[in-house]
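What follows is one chain in C-alpha cells, specifically the form predicted alone.
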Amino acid sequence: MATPGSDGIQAVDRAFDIVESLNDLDGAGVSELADHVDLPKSTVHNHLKTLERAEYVVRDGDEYRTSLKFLQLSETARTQQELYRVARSEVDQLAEKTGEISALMTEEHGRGVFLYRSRGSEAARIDTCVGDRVPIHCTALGKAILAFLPEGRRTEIIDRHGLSAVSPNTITDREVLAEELESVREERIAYDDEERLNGLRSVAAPILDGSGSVIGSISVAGPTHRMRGDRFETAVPETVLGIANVIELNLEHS
C-alpha cells in the first residue's frame, strides 16, 4: 500500500491504496475492499466511482478490478527508459546463449524493478514478472546495483527497507552484506545462492553509464542442479559480464 506522509494528500493516498489493494486481491467488491483498506464503505465506493470514470478500474457485476489502462502507462514508462531500449536485444541473446532465464533490472525508490525478462530453451518457470518490485538485497541483480551506488544511497535504502529474510539463505546482516558488496565491486559480478527463491541461483553484472554511475544490471538465473561448479562460478559470470560490457558500449554510442 501507499505510505502516507505528513506532507501528502490523503485522498490521493487512499486512491492508490485502493488501486493496489484491488491488484493484490485480484478484484474485489466494495465490502471486501473496505475491510482490506480499513475505510468506510461509502468512502471506498466514492473512490471506486471516481477511478471508474477515469477508466483506471472496471466494474464486473459487484466486483471491481484494475483496468488495462495501467498496461498502457507501464509500457510507456518502460519504453522511456533508455536502458530498456538498448539492452532488450542483449537480454534475449543472453537467454538464448545460456538456455536459462535472463533479466534486466533497475532501481527505483530503493527497490529492484524487473524491466525485462527473456527465457532460454531450458529456462525454469518462476513466478517473477516484468514490473515486479523486489527487495534489492536478496537478488544478484539487486546486489550488482547496490554495490555500485554511492555509500550514502546504499545506507538510505537499507535504513528505509531493511534486510528482511525472503528465504532461509537471504543475507540479513549489514556487515555480511557490506563484505559481499565489496567483493561485487572488485569482481563486477554478484551472486544469488537461493537468497530469494529456493532452488534458484543467479549471476548478475552491473551496467554503468558513461560517468561510471550504475543504472541497472543484467543476470542469468537457473536451477541449482545446473547452476553449480565451474558453470556457476566461471562460465556464466564471464558470459554475463561480456553482455553487460556490450550494453554499456551501446548506451555510450546510442
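These figures come from a predicted structure and were not determined experimentally. Residue positions are given as counts along the sequence shown, with the first one as 1.
Separately, the form predicted in complex with the DNA exists; it is not shown, and the next lines address it.
By the 4.5 Å heavy atom rule, the three marked residues Gly27, Leu73 and His109 all fail to count as contacting the DNA in the predicted complex. Taking the partner from elsewhere, Arg231 is found to have every heavy atom lying beyond 4.5 Å of the DNA in the predicted complex. Taking the partner from the other structure, the DNA in the predicted complex has no heavy atom within 4.5 Å of any heavy atom of Gly210.
Residue contact check for Arg201: none of its heavy atoms lie within 4.5 Å of the DNA in the predicted complex. Thr224 falls outside the set of residues with a heavy atom inside 4.5 Å of the DNA in the predicted complex.
Residue heavy atoms within 4.5 Å of the DNA in the predicted complex occur in exactly one stretch of 182 to 190, 56 to 64, 202 to 210, 215 to 223, and that stretch is 56 to 64. Applying a 4.5 Å heavy atom cutoff to the DNA in the predicted complex picks out Ala11, Arg14, Gly29, Val30, Ser31 from 11 to 31, in order along the sequence.
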